[in-house]
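The chain that follows stands alone, in the form predicted on its own, written as structure tokens.
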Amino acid sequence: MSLIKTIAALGLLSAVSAGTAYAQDLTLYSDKTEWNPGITAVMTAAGTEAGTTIKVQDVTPTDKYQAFMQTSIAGNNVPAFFTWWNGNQLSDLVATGVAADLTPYWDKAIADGDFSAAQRDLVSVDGKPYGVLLNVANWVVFYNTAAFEKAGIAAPPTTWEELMADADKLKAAGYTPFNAPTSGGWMPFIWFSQLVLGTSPDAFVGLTDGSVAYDGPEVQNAFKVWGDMYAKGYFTDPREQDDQKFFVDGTAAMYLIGDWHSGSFAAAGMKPGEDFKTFLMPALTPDVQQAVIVEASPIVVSAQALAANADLGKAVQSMMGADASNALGSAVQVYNGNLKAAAPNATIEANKEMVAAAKPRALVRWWEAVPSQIQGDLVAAMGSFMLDPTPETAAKSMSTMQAINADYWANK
């Protein structure tokens, strides 16, 4: 259930919007445990600027974090700072009235050359920014350079046919081609949405606005390709809860994920640009435009907390500076897009250049773009297929997803 539905069901939406209470402890809540050292560094400096202490608290996995935030908003006990998602997820949050309009801080950051107006749009709703950028990431395919060398793959693939041929070479060399976990309560959407994207970027967008059915031809094709890949043994066991385990230990040769994960791989002992590199996922056919998912993660500030303590504005401005970006990148190799800051590692720098050169169509990630009211149920249906990737389960998953989808849009 979405934030708005949960709160409305409890009859508390107006109370949340107009109330005066907020979480008294100055804490940033997040589901991003692996980024904790970097977030802590940013918030420690921000707290110093504001003359206070801002703690960092993790709630994981993601589905539990979402439930925690639903309860916090419904109970009118919103943390002073918390991480969120952009797109429809941010729009739904803003509708509750809990998020602060950060226009003055963005105006200064843009004037200072730290960010661009286009970056502000990533965290804006109806033209107003409601978040500080924590992460701006391209979704790419990471590959293990040693595995590619052992399999005799001289260069990363540029077409789907080459990708599938390389997958066969990797299998023959003793590797599982792709790491594909279901962990965290969100990851099943990754391959589903990518295969629809590779079939038709327009259909990918249509899934998020109700104009394309979840049992339509593009989705049917995606499930067929997905099922064929499972039948060929191209994916790791989806039940593994450590989402990077099989890539880090060398079991899997490739991993489709946001390039923020490069920091986690580095922390596990892999060297960016040496032990692993990246390439852009090709479309399924040459006539389909190549596309790339751009993920943007904001830190949201409680409107009530900011109104009660104007000095928190100094914390917000600190969070948007190059020093904060470099502290984040140095600690966990995550990049927030600050134009004055250095890219945290060779992989992220290379990805920026790769995307700029390829000029693919850039799209908001499915997770953020889909209506939040149906997000969880749709992901559950995708996960069911990953656990039993048969044609029968595919048909059931598509039927379930379309029933959810049709019901939502019929009631809009």
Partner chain sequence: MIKTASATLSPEILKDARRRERRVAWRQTRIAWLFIAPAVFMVSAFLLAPVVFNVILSFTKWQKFTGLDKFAGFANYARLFAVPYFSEALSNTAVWVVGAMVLPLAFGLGLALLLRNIPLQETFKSLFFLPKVMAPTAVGAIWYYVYAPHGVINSAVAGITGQPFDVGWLYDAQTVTPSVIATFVWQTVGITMVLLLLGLAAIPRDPIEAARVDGASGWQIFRHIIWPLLLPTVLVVTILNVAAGFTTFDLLWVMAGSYPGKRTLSLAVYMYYESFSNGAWAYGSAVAVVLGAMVIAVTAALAVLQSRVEKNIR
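Positions refer to the first chain, counted from 1. Only a predicted model underlies this, so the values are computations on that prediction, with no experimental measurement involved.
Note that the form predicted in complex with the partner chain isn't included here; everything after this is about it.
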Fill in: Heavy atom of Gly383 within 4.5 Å of the partner chain in the model of the complex
yes
Worksheet item: Is Thr71 close enough to touch the partner chain in the model of the complex, meaning at least one heavy atom pair within 4.5 Å?
Response: yes
Discussion item. Is Thr96 near the partner chain? Define near as a heavy atom within 4.5 Å, in the model of the complex.
Written reply: yes
Item to complete: Considering only heavy atoms, tell me if Asn138 and the partner chain come within 4.5 Å of each other in the model of the complex.
Response: no
Practice prompt. Let me know the one among Val59, Ala67, Val355, Ala346 whose heavy atoms come within 4.5 Å of the partner chain in the model of the complex, would you?
Written response: Ala67
Worksheet item: Looking at 29-37, 357-365, 370-378, 46-54, which one sits within 4.5 Å of the partner chain in the model of the complex if you count heavy atoms only?
Response: 370-378
Worksheet item: Is the partner chain in the model of the complex near all of Thr182, Lys396 and Ala403, within 4.5 Å of a heavy atom of each?
Response: yes
